[in-house]
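Single chain ahead, written as structure tokens, the form predicted alone.
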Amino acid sequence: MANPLAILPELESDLKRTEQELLQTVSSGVSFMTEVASHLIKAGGKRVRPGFAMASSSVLDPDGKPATMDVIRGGCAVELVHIGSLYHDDVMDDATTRRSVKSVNAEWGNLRAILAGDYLLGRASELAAALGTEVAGLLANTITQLCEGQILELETAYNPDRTVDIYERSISGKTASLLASACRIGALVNELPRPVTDSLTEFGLSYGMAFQIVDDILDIVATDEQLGKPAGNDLLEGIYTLPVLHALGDDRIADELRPLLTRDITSAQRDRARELIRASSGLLTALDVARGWADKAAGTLTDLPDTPAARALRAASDDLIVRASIPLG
């Protein structure tokens, strides 16, 4: 999937500048650190978070001017937090691939992957600090929320009685907080009015909730090739996401599904669990929840003028639901 803001005419050139800034920022005097830190950057990515920072910064601009360097750097700060968290996630999950390439831990080992993830968080903090105390504090709080979300996930690993509330709190910290911060940083750096900044922050949070739920749906219905990583891996790791939790409430399949959800789950049992979840009402229920969050995101933008950036943000929510709906038929 391309960047959901691809309809913005200036986005292509701004994203090229973003790639350059990301690589420049992670460059180190230690050549090996540069190699490891740039591994996932060079593997590519949609750069949703920098895109949202850039779009948010220009929602009041009728002409759609290119992003300033400060906006680019603000978006890069959030993206580096995201990438650093992926390094740590892959260590915890013992993952072997990420973005269709070998994960950093598989290529260089867990110790180097952890240190490189920490290095990326440090570089992100440097970028944020250069943009002012409010941006620096916001990014620090975002990292805190990310860690809290991850802890909530770990505490309920392999627990089929995990609640929807705990799931939502976890993804709010792990995913939605980063997108909310990307939008807020773009608005703060461009000194937009506070009511607009707050609306964009709420947009990013709501979009992020829908984004993660859609990602969790795709983990059940998509292929390894479509995801760029092993499909169904959350089931192996005991991470029971919204479609799984709702599938467990479907009496038609719950009695067969629940005994599969253990620490000893095999790949064959994982595949059977995915089949059962696909046959349940859980996927459609989860999709309805994602749709609700996407609608809420779009609703936060109703008072904004009809600028190219505002139209792109509104369209992003619609595209997200289409992405999840296609595999469901």
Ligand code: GRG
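All residue numbers refer to positions in the sequence shown, first residue = 1. Note that the coordinates shown come from a computational prediction; the quantities given were computed from them, not determined experimentally.
The same protein also has a form predicted together with geranylgeranyl diphosphate (GRG), omitted here; what follows describes it.
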Testing 125-133, 187-195, 77-85, 103-111 against geranylgeranyl diphosphate (GRG) in the model of the complex with a 4.5 Å heavy atom criterion leaves exactly one stretch, namely 77-85
Can we say Val48, Arg99 and Thr175 each have a non-hydrogen atom within 4.5 Å of geranylgeranyl diphosphate (GRG) in the model of the complex? yes
Candidate from Leu115, Val164, Ala157, Cys147 lying within 4.5 Å of geranylgeranyl diphosphate (GRG) in the model of the complex - any heavy atom: Cys147
Contact assignment for geranylgeranyl diphosphate (GRG) in the model of the complex, among Asp234, Asp250, Asp215, Glu202, heavy atom within 4.5 Å: Asp215
Should Ala95 be counted as a contact of geranylgeranyl diphosphate (GRG) in the model of the complex, where contact means heavy atoms within 4.5 Å? no
Is it the case that Glu168, even though its partner is missing from this view, gets within 4.5 Å of geranylgeranyl diphosphate (GRG) in the model of the complex, heavy atoms only? no
Counting only non-hydrogen atoms and a 4.5 angstroms cut-off, does Phe211 reach geranylgeranyl diphosphate (GRG) in the model of the complex? yes
Please check if Leu121 has a heavy atom lying within 4.5 Å of any heavy atom of geranylgeranyl diphosphate (GRG) in the model of the complex. yes
